[in-house]
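The chain below stands alone and is given in structure tokens; this is the form predicted on its own.
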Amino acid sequence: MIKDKKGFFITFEGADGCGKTTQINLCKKYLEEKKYETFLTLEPGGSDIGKSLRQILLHHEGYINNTCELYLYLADRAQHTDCVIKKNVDEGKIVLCDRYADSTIAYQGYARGGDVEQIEYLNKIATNGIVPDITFLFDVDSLTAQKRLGEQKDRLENEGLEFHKKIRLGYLELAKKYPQRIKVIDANQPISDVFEQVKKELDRIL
């Protein structure tokens, strides 16, 4: 968490096709109706530098070495945390972030076969130790998630079913490791039912 902060930091996680982006927008609307000041952001691409990194990470057509991919995500996160997240939390806003450090552990760690402990250590450096107050993990069956993606897929969405199964299992391992922070949301249900689970947690913490 951010030392001496004024606001709140919430992250939204899950494998591609889990519905988290829909839920983060519903969450923003809900909080603003309750008169909370919110700030919506995402990774990769939440900073000026991050926009260029996002284009490389998600749409580069050539080969990207796994270590290179990892460090590009970490570079994006370092800039984003320092210039966007911390600034808005310090201003008293509720920051809603579509993906954060857990994504790198799930994707580049569990799915790519990277050293999970090493990635956690590197994440701490990139974020300067800033951890979300709460993380919503939208858990959905991997085959269902893949079907939701449709035809237009980015570089990581195109990795295939087995890759995304590993991502899901990685996220669930993280939820077991950090149960106080990571709240698992059953995302196999209709959008409105999923959001009811989110609202229940939001009302509890806020």
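Residue numbers run from 1 along the displayed sequence. Treat the numbers as computed from the prediction; the structure is a model and nothing was measured.
This next part talks about the form predicted in complex with a small molecule, which is not shown.
Close approach of T81 to the small molecule in the predicted bound form, 4.5 Å, heavy atom: The answer is no: T81 has no heavy atom within 4.5 Å of the small molecule.
Interface membership of Y73, the small molecule in the predicted bound form, 4.5 Å heavy atom rule: Yes, contact at 4.5 Å.
Partner contact for E157 in the predicted bound form: the small molecule, 4.5 angstroms, heavy atom: Contact check for E157: yes, within 4.5 Å of the small molecule in the predicted bound form.
Contact test in the predicted bound form: P44 vs the small molecule, heavy atoms, 4.5 Å: P44: yes, in contact with the small molecule in the predicted bound form.
Per-stretch contact check against the small molecule in the predicted bound form, the hit in 177-185, 60-68, 36-44, 139-147 (non-hydrogen atom, 4.5 angstroms): Going by heavy atoms within 4.5 Å, the stretch is 36-44.
N25, K86 and T135 each touching the small molecule in the predicted bound form (heavy atom, 4.5 Å): Looking in the predicted bound form, the three residues N25, K86 and T135 all stay beyond 4.5 Å of the small molecule (heavy atoms).
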